[in-house]
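Shown here is one chain on its own, the form predicted on its own, set out as structure tokens.
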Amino acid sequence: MNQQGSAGDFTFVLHGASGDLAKRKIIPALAHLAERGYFSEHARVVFSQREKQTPDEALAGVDAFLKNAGDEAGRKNLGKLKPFLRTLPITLGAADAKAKMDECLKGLPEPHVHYAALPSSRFADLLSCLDSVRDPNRLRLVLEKPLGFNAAESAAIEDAVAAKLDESQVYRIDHYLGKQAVQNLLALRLGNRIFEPLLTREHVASVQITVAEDLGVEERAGFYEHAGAIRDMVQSHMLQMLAIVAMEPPVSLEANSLRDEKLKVLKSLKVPQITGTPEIVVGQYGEGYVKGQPVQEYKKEKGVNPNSTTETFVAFRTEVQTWRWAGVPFLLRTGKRMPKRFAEIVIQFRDVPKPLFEPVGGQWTGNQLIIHLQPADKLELRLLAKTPGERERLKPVSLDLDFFNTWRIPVRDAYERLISDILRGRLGLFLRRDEVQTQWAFTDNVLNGLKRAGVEPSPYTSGTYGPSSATAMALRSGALWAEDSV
């Protein structure tokens, strides 16, 4: 049954349809949307890739990929795409590429949505195949991160995009913004009187953002050696999550109102101190054990330079230098080969002025608001309650909002939510050019500072939470990493 209503007529062109991202995330999301009735009978999906395949062959290839990955849920609805699917064998950048694309799209319904599931080095080739049509009802462009590998490369890409399209036609994806928990963080803040007044420097002791991965570099060595943890995770996902936590309430939920407030936060960020008492730690995983299995060090991974100085871990302290947040430490951490996979935002509230109760275990944990992003989307509020018995002791208890258990419907995948917004022309969950440029400016300052200071990654054992110096850095801010919250 159609629960959401059709997004109307459109043509969705997936460039890089044979790539891992397309097979793992984008195509299953499209298939689920088709199953749920988002596609009108005239809608079309075009798989654009170098290989010449029939629609049946293309779907069989995706099915085999997902089967090998153990993703049965992703396989389930692939057949729903078949009535809408066409394939386009094309080599972007070739002399005949534009003619082939024009011929394929001739007569297909608008808007034509071009999704670039491609390396950013290929964006220019795609743009050369697009007409300059400054109308979001006719043409939309979706760009995956990273938009280049520094501020200068990003600006060059953006200039090429702006030469052909208006800002209203460009959807820059950060899939973390499609997660239910991130969207509910906005609802929690802006829809509930009890929380918004507490999210200030007077009540918040610290904010932590962690994205931990138990996997290593896997098959991404070619990309990761060039990127590292800071470009891969901090520049995009983590700075966006920070901005949503720290932004002022917008005047409306209109896209530019939200983006304006996020931009103010991004512009106010303090660059971590590199020398003296460092506010940043970078690391690189060595051999160790993850989930009981031995794993090799990063330098021995296939495709990695044996003398590599690429960071696979980073933890740093920054501040949002605004009236609301001045002085509150924001601690960000991400790394590979950590004990478990999870992503969360932990807002640590200040202690009561005069503790009257004895904490269980002798350690006072205080109140926390935790936004869990993976492996499950949920919100958790940690309070202190008196333990049964005569002694006046407090123990943490949790109030949980698990979205699946609350609504009794499956939580939508982030890509599914974002693609449905693209089809409906909604820009609120996508980045604006000035946001991306400001994030790159911050990231470049960090990377250039590390390079000038000659800082190289410290080794850490796989299966741990990074170098011990990251713990010491957090302690200097009066905080402990919340490693037991998942």
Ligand code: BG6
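Given the structure is predicted, the values throughout are model-derived calculations rather than measurements. Residue indices: 1-based, along the sequence shown.
Form predicted in complex with ligand BG6: not shown, discussed below.
When ligand BG6 is considered in the model of the complex, only one residue from M233, A243, L199, M101 comes within 4.5 Å through any heavy atom, namely M233.
Just one of E213, E297, E319, E344 comes within 4.5 Å of ligand BG6 in the model of the complex, counting any heavy atom, and that one is E213.
Y171 falls outside the set of residues with a heavy atom inside 4.5 Å of ligand BG6 in the model of the complex. For the chain shown alone, N150 is not a contact residue for ligand BG6 in the model of the complex, no non-hydrogen atom being within 4.5 angstroms. Within this chain, R220 lines the site of ligand BG6 in the model of the complex, having a heavy atom no more than 4.5 Å away.
At the 4.5 Å threshold, heavy atoms of K179 reach ligand BG6 in the model of the complex. Per the 4.5 Å heavy atom criterion, ligand BG6 in the model of the complex is contacted by stretch 333-341, the sole one of 284-292, 375-383, 188-196, 333-341.
If you take 138-158 and check each residue for a heavy atom within 4.5 Å of ligand BG6 in the model of the complex, you get just K145.
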